[in-house]
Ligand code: BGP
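A lone chain, given as structure tokens: the form predicted alone.
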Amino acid sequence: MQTKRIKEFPENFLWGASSASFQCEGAAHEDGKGLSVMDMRKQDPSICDFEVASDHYHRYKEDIALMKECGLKAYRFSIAWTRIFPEGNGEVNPRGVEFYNNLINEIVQAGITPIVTIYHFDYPQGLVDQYGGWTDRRSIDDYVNYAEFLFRTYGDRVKYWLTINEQDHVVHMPYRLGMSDENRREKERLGFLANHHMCVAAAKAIQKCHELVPDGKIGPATCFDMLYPTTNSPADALAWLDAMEIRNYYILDLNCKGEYNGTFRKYLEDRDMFPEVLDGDMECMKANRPDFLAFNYYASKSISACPLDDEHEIGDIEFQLLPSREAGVYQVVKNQNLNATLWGWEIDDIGLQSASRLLWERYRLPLLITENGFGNVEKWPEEGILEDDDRIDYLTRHLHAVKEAMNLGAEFIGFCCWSFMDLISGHSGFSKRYGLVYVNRTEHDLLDLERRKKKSYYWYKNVILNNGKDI
């Protein structure tokens, strides 16, 4: 809806940027860190591993100084579980505890608000080896014990916490559960069992946070792709409705309402994938509602009907990283109305406004955008700076969408672009760059890892200085 006025961003709006431990820290085998499922993943040899990444572990003071100079109000980062508990449980690693103490102190001293993700994909391999990881209920207690340690250790300085990043991606990507890709239908069943355990664990962590962190706020960090019916066909509209329920809303309904919505429950039951629910599980979720909703938004998808036929039965799924075609439910098709990135992600700023409004109306919780950004192939020029105008255009349009959603009533805590500095893309290595700051390395040549400010760095600095008045 077009409106008469556009709201200004609130004076306390958290202008931020994001990262994740395994994608930027490096030091994968230093100072007592244990192995995670990301360390154990079989890598494409054409793509770099996570051993050095952006070397943030050794250069965090330089990176935080650049954040301060840019004027960041918030920095969203994750703590590597295996730096704190190398095996996922058991003995604490004091050198890992010290690193995050030092990092958080540096952030706070720079006048930046730390936003900490408790768990961002890098699940301890030790817990997979011990009992199968998230597919076993023992995983709940180990996650809660880890989260409680973080609250007690860093809660005097960290007031914003994120429970689990992009849980839907963990559910649908077996390697992030420490499993192989073989027998994907069985892995989907185990993924939804793991999902239930993660939801119970997150609810218990919320309870602990409220007990242990004065003025602490905590919520999930979901991935939300705006979806559209491809045509005005009623069948496409129905497929869109189903896809929204079983791809976007199912985790948040568990997190925020403590319930399996009817569509999602039927979806699981028809596929013999409904998990074991013990007494007290749902009550725990209902009693421990998050304080806000964080979400990552990059693109939208177009949805068409995908009817069953003689060759496809219920449960038949095709994957392109995530489910792209589910017989009897939906299929993803190219949206002819949108441009896309080099990786086929369809650029849709209006989709961010739509997603924000839907989340606000359904859950009535303040929103925090924890990832939004433009990935591109980039090489530093021989003269001048890297003029990443496509990134500036992308972020400008998406920030305008946030302002439009606010004008229609959605409440926002802040916006964190992905990412502050170039880091390793989970599937594309260093060839896919998102940063406001260029890190001078290639896939396999570390070069000098020098930090260089792109044009977007100066643009974002000005946006923050003016509190988005020109957006």
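Just so it is clear, the model here is predicted, and its values are computed rather than measured. Don't overthink the numbering: it's just position in the shown sequence, from 1.
The form predicted in complex with the named molecule exists for this protein as well; it is not shown, and the discussion that follows is about that form.
Legend entry - Contact residue in the predicted complex, chosen from D388, D349, E166, D253 - any heavy atom within 4.5 Å of the named molecule: Only one listed residue qualifies here, and that residue is E166.
Inset, instruction - Only one of F99, Y160, F151, Y298 comes within 4.5 Å of the named molecule in the predicted complex by heavy atoms, so just point that one out. - result: Only one listed residue qualifies here, and that residue is Y298.
Legend entry - Partner-facing stretch of 51-59, 438-446, 399-407, 420-428, counted where any non-hydrogen atom is within 4.5 angstroms of the named molecule in the predicted complex: Selected stretch: 420-428.
Legend entry - Close approach of Y267 to the named molecule in the predicted complex, 4.5 Å, heavy atom: No, Y267 is distant from the partner.
Inset, instruction - Spell out, yes or no, whether the shortest heavy atom distance between F415 and the named molecule in the predicted complex is within 4.5 Å. - result: It does not: once the named molecule is placed as it appears in the predicted complex, F415 has no heavy atom within 4.5 Å of it.
Inset, instruction - Mark E371 yes when one of its heavy atoms lies within 4.5 Å of a heavy atom of the named molecule in the predicted complex, and no otherwise. - result: Output for E371 is yes: heavy atoms within 4.5 Å of the named molecule.
Legend entry - Exercise: K432 in contact with the named molecule in the predicted complex, heavy atom 4.5 Å: Yes - in the predicted complex, heavy atoms of K432 and the named molecule come within 4.5 Å of each other.
Inset, instruction - Pull the contact list for 94-124: residues with a heavy atom within 4.5 Å of the named molecule in the predicted complex, in sequence order. - result: H120, F121 sit within 4.5 Å of the partner.
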